[in-house]
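Consider the single chain below, provided in C-alpha cells and representing the form predicted on its own.
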Amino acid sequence: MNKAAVMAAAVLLALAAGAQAEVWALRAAGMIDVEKGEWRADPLLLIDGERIKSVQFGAKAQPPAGARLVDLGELTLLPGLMDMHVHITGDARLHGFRRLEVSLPRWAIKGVANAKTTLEAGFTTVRVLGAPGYADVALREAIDAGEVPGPRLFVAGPSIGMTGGHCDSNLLPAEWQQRSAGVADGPWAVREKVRENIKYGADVIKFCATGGVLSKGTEVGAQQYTAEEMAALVDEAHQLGAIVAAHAHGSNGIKAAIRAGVDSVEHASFLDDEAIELALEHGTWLSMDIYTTEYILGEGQKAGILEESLAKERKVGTIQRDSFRKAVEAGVKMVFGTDAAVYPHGDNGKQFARMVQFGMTPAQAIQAATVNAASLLKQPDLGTIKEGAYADLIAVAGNPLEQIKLLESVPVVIKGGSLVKDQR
C-alpha cells in the first residue's frame, strides 16, 4: 500500500470512529448526477458533520486548508440508495407456519441484524411497510440514538387491513382467535387505527387494498376495503401528516387506492390501461418488487412458503413484470421497492438489474432508488449529492450507468458523514 493509500485508510478509520474533522473532503474518479442521470468526472465533496457543504468538479479542485482529504481513487460516488418497501424485522428463512414460532422480542432482534446488513449493502434509507408490535419504531429510535447501526428508517408499525385480509393473520383455526394488530373494519375503525399507529410512532401508514401472494386464504387480485374505507384511511393519514402506501395486486384495488389518494401503490401487479392512466393523472408512485418472484419460486418451499402461495406467485410473477414494462413505457412515476424479507436482507441491489431487464434505463433504475424515493418521502435532503444534503453516500468500482450490477456489491458506504463500510 502506498503512502497516499495509507493516509486515506487512516482517515477513513477516524471517520468510522466518529472522530472526523469538522470539515473533511472526499474525492473520487466520478460521480453519478442522479437528477440528470449522468456520470461526471473528478468530484470533490466537502463534508461538514452530517451534511455536504459543497460539491466541486475538476482535477484542480482542492479542499480548504486544514481539511482532511479522503481519495477513493477510481471509484464512482452515488447518493446512498433508498428502498421503499422492506420488512426490516422479517426473515426470508421463515415463512408460513414457521413464523408462528417466533416471539416479538426475537423479531425485534432480527431487525437489528437486518438493519446492519441492509446499511452495509449500500441502502442508507428504507421505508418499513409493516412490522409487529412497533418493533420498527423501536429500531428506528435505537438507530437514531446511535445504539445500533442501520439505515434511516421511515416506519409504518402494524399494517392495516380488513378481517381475514392480507394484513390479517389467517393461519390458525377459529378457536385460537388469532387477529393481527392492524385489523380494522369500517371507515371510523380505520381512522382510529391510523391514529393509533401514529400515536405509537409510525410516520408512514400502510394498508392492504387487495389480497396477497403470501397470505393464507386470500385471492391475490381481489379488492379488500371499500372505497369509503380507503378514502377515510387516506384522509386521516394525510390530515396527520403521514404518507400512505397501499398493498395492491389486483386492478380494482389499485384503482380504488389511487382514487382514494394514496401516495404509493405497492406491487401493482395487474395494471390495466385505466390504472396506468389514473396513476399518471394523480401522480401516484408505483413500487414494484419484480425481483422477489425468483426467490419465492426458487427457495420459497424450503423457507416454508405455503403451496397455495407458490401457486399464486406462479400466476403473478410474469404478469407483474409485464405491468412494470407498461408502466415504465407510459411514464408512470416509479420508486425502488423490493419487499425485503421475502428474500434475504442485503440482496436489495439485485433488483436493479431486473428493472433494467424489464424496461428501465440504468439511469431510471438509479433515480427510482434515489431522487424519486426522496420525493415520495418528501425528504429533499436525501437521495442526492448537493450542497446541504445529508452526506449519505456509496462508492462502486466502475460506472453503474454502464454496469448496473455494480450496485449488487457496494464496497464503500458513508451515512451522515461517517464511514460505515470500506472494502476496497
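Treat the numbers as computed from the prediction; the structure is a model and nothing was measured. Note that residue numbering begins at 1 and tracks the sequence as displayed.
The next section is about a form of this same protein that is not shown, the form predicted in complex with a small molecule.
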property	result
Option from 189-197, 132-140, 224-232, 211-219 whose residues, in the predicted complex, bring a heavy atom within 4.5 Å of the small molecule	211-219
Complete contact of I366, L382 and T384 with the small molecule in the predicted complex (any heavy atom, 4.5 Å)	no
Contact residue in the predicted complex, from N114, S251, S159, T293 (heavy atom within 4.5 Å of the small molecule)	T293
Contacting member of A341, L72, V316, A256, with respect to the small molecule in the predicted complex [4.5 Å, heavy atom]	V316
R127 within 4.5 Å of the small molecule in the predicted complex, heavy atoms	no
Non-hydrogen atom contact T76 with the small molecule in the predicted complex at 4.5 angstroms	no
Contact of H345 with the small molecule in the predicted complex (heavy atom, 4.5 Å)	no
Contact of Q320 with the small molecule in the predicted complex (heavy atom, 4.5 Å)	yes
